[in-house]
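Same chain, two versions here, written out as structure tokens and called structure 1 and structure 2.
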Structure 1
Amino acid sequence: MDLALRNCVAVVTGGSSGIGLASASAFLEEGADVAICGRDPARLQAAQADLGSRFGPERVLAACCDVTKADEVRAFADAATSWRGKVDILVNNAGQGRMSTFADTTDDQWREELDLKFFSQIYPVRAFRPALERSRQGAIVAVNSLLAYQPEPYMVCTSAARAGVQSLVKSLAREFAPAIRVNSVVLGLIDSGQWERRFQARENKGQSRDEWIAELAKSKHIPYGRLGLPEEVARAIVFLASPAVGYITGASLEISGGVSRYI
């Protein structure tokens, strides 16, 4: 199947690690040029060097940008749009989850989490919307979590915010049709930078990574017995973003190894 991504320009927020980096790589493999952003300059530079060495440095733009800061997102959008004169695809991937129960979560932590989850969508959508409209095949993919539909009490504010983002995606799909398609992926547990950091912080330091992952998968009742790979998510993101599936909008694709319990 030809995804028709050659000569497209894709923007991936949080493209310096995990799912974002795998998505950038997958877009490049399909012939699209890619602009990525992240906050940590060293991590961003390493990602740019890695992608550039595999696909050609001229095909990758990297810019420091915190997606919760409107002025930084506008500057990134200006740079990405003038780089190739257009942007066709926006993947809103940047972010992380917060582990805390209702009792553990302060007002400031609620505000910080709601800010991250909503404005990591709102600011890039607002900044890139004119370019996506001009593209005539504009597409947005929001990276979201299964927690939106299946909340967990130990991630109470992340779960609530995730549900709100699914609602936002649905509204945008209606409001932006037929100019821009808006879809989401809802993820279970994916073995990325977030889980690597949690592995490093594990209590039982004698436990190997494989043992730790197997125990995690068992405790989460994942039928596939493992976490997902960033590349498995990336392929779904590229598919949803591609002009080849031009009638898909307002959809959400679950990637969870079968862990969901809702219909």
Structure 2
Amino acid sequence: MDLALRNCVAVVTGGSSGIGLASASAFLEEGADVAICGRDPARLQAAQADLGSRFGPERVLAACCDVTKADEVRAFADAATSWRGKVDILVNNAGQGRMSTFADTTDDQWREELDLKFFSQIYPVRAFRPALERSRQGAIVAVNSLLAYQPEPYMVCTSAARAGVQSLVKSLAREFAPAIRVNSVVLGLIDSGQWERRFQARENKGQSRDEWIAELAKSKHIPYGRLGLPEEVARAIVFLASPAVGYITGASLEISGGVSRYI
């Protein structure tokens, strides 16, 4: 299938590792040029070098940016828009989870988590909206968590924030139509650096990674029997962002290996 992404410009926040880096790579494979941002200069430089070596350095722009700081996001948006004269796609990918119950989450931690989850979406959308409206195929994809629909008591703060972000995405899809499509992916457990660190810290050092993952998936009741891969998420993001599915907006695509219990 031709996703009609050749000569498009995609922006991926949190693009220096994990799902963000995999998404940048997938967009480049489909013919789009990609601008990525991240907070860690060394990791960002490594990502830019990796992508540039595989797809050509002229097709990749990388900038240090904290997406919870409006001035840094505006500067990144100006640089990305000037780079190719346009932006067609925005992938909002930044943001991690906080493990805490209601009883042990302080007011400051609530504010920090809500600020991160909401403004990592709000600031990039606000900064890139003019360019996306000028594009004839503007699209936003928000990377969210299954916690938005299926909250966990040990992640009460993150679950609440994720639900709010999902409501925001739905609202934006209606407000921005038909100029900009807005969709989301909601994720279950995806293999990432945190799971590699937990594997390295496992008690049974004789256990292989595949065995450890299988045991983890069983304990988490994942029907598919494993964690998802960043590349699997990336392909879904690229699909939702592409002009090939130009009538899809306000939708959420679950990528969880069947772990969800909601309808």
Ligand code: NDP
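One-based numbering along structure 1's sequence throughout. None of these values were measured; they are calculated from a predicted model. Only residues modelled in both forms are compared. Just so we're on the same page, rigid core means the largest C-alpha set that superposes within 1.5 Å between forms.
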Which one here is the form predicted on its own?
2
Core-aligned, is the CA shift for residue 151 between the two structures 2 angstroms or more?
no
Hey, does residue 193 budge by 2 Å or more at the Cα between the two structures once the core is superposed?
yes
Against the rigid core, is the Cα displacement of residue 202 between the two structures at least 2 Å?
yes
So which segments really shift between the two structures, if a segment has to be 3 or more residues long and each C-alpha must move 2 Å or more after the rigid core fit?
193-216
